[in-house]
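Given next, in structure tokens, is a single chain: the form predicted on its own.
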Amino acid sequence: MGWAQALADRPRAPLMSRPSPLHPAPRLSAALGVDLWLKRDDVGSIGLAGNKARKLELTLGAALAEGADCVVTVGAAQSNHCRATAAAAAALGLEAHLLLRGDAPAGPPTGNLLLDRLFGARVHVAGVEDWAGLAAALDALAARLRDEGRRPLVLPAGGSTPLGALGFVAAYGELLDQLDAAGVEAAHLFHASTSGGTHAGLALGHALHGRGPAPVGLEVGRLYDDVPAAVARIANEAAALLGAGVRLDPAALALPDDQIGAGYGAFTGAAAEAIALAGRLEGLVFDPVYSGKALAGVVARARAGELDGPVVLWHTGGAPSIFAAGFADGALRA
């Protein structure tokens, strides 16, 4: 497999312990009537980075090889990606500039924003809410840094680039090895999806390996007008980086939005209930923006009798946001 060697040859910045654990969830399984396994990207990474570490290992690895001296990215005030980028930059000796959506939050920083400060990131407030306006502000910030003689790596929301998606091509193979070792033939694979890099990588990994469960990305953010087209573009450009003769059809990608509620960052009762279930039955923490909504999607499908075999839920992390002002009340709503 020439693509596998091309993937192995990519420079990486070591930011997490791999493989991340694959754990059974026996008490949740009994409550839901399914054989549920958790892929634990919520543990073992720098700065509680969760799944974001897999993308950052490749994007920052390449940036360091090319002489970058800072990284610039964008997200909401409680962005997991921004916090993960700040932690990774601190560990690698890069300066992090975070452009945050909206206006400056009132009061002292909490949740991910507190960690952004702790990791030494330079936080910039965009003053705009729409993602198109944020993208323009990101370009302007990067241009200003270049004018100052800096060499920035610029990452979009979620760090979802074709290069970053390769981290999840590798992760899909990692999961297959763990399922084989456990003697589990998974029928379903779920994860939370917003900016598309995780889903693009997993879908490409599934296509390249030609076996295993097809990933279902439960949409929680809707950053694009045409989400499947955006995810397929990332996946197909990632395939080109590997020299792989694979093209994904947007129509074949599973990206349901039944758990999105009122949109990105909006609480749902289903997610609050799912978070409480995981806490009471397994002692695990899911967050109300990403992983909690993915778990809620699994809960809903299990109760509807739609899951006919072992299920893997990719726990993407994000726990710090549960401690943010206003987030804790939503998490405890159930």
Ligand SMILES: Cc1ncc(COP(=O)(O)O)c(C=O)c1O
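Computed from a prediction, not measured in an experiment: that's the story for all the values here. Residue numbers here begin at 1 and follow the sequence given.
Quick note: we don't show the form predicted in complex with the named molecule, though the next part is all about it.
Interface membership of Tyr290, defined by any non-hydrogen atom within 4.5 Å of the named molecule in the predicted bound form, is confirmed. Although the partner is absent here, Ser195 sits close enough that one of its heavy atoms falls within 4.5 Å of the named molecule in the predicted bound form.
For Lys55, a non-hydrogen atom is located within 4.5 Å of the named molecule in the predicted bound form, even though that partner is not displayed. Of the heavy atoms in Ser160, some are within 4.5 Å of the named molecule in the predicted bound form. Here the chain stands by itself, but in the predicted bound form one stretch of 89-97, 137-145, 246-254, 187-195, 187-195, has heavy atoms within 4.5 Å of the named molecule. Residue Asn80 is the only member of 61-83 with a non-hydrogen atom no more than 4.5 angstroms from the named molecule in the predicted bound form.
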